[in-house]
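What follows is one chain in structure tokens, specifically the form predicted on its own.
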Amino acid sequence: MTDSTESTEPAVGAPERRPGGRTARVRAQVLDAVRAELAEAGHEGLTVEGVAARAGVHRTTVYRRWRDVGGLLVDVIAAAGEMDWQPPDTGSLRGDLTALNREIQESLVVRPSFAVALMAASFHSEQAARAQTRLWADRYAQCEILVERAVARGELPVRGARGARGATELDARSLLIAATAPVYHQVVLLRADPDPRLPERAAAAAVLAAAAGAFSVPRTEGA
């Protein structure tokens, strides 16, 4: 569930129909340049002129299609959402979450880290922030299959028992956030050296908490 920053306006980097041919090549060159510039210089060093020079295109081409840095960030995030990424499938929830955490950790500790640079950029651009929020939501939704498979294998209860508050069900999104959050906290917030044991420890803790009912929520009507 790695990432890498988005406007709600389709004209700014998120057209409904993706072009082909030369237009697609130019887009690929420009977005590669955005990733490289952002990872190396951060949001403060990201400029249309620098991207155009690195991509080998005229700056008017960039201005015409993306308008500004915000538009470039929006399209980079949109491109991340277009990647054919699939969640891990190791045969167990603990194994899946461990593999997911390792992938996340690797994306955060590589230098320069495009994922970290993109997160930082989202604090400087409303367009980027909105797009990154959508990307995160999509990624978590995509990863809910990990929990669904675990329930199907009998690793987790599909529903809790009926008690004083009524029947409950498993909140897959909360489980996924609890499993992955320690990795982001250690590397991004604490800026600590990566712990090779953390991906598995965080995964194991989340699985144990889920089995104990920590992520059970009141069952919705009709579910």
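Computed from a prediction, not measured in an experiment: that's the story for all the values here. A residue's number is simply how far along the shown sequence it sits, counting from 1.
Although it is not shown, the form predicted in complex with a further copy of the same chain is what the next lines describe.
J.: Can you tell me if Ala99 lies within 4.5 angstroms of a further copy of the same chain in the predicted complex, counting non-hydrogen atoms only?
T.: Output for Ala99 is no: heavy atoms all beyond 4.5 Å of a further copy of the same chain.
J.: I'd like to check something about Arg149: if you look in the predicted complex, is any of its heavy atoms closer than or equal to 4.5 Å to a heavy atom of a further copy of the same chain?
T.: Contact with a further copy of the same chain, no.
J.: Tell me, yes or no, whether Glu44 is in contact with a further copy of the same chain in the predicted complex, where a contact means a heavy atom of each within 4.5 Å.
T.: Result yes; Glu44 sits at the interface with a further copy of the same chain in the predicted complex.
J.: Is Ser92 near a further copy of the same chain? Define near as a heavy atom within 4.5 Å, in the predicted complex.
T.: Contact check for Ser92: no, nothing within 4.5 Å of a further copy of the same chain in the predicted complex.
J.: Choose from 68 to 76, 83 to 91, 117 to 125, 141 to 149 the stretch whose residues reach within 4.5 Å of a further copy of the same chain in the predicted complex, heavy atoms counted.
T.: This holds for exactly one stretch, 117 to 125.
J.: So which of Val26, Val188, Ala36, Ala167 gets a non-hydrogen atom within 4.5 Å of a further copy of the same chain in the predicted complex?
T.: Going through each option in turn, the one that passes is Val188.
J.: Checking a candidate spot here: are Leu31, Ala53 and Val57 all in contact with a further copy of the same chain in the predicted complex (at least one heavy atom each within 4.5 Å)?
T.: Verified in the predicted complex; spot residues all out of contact, no.
J.: Can you name the residues of 45 to 72 that have a heavy atom within 4.5 Å of a further copy of the same chain in the predicted complex?
T.: Stretch hits: zero.
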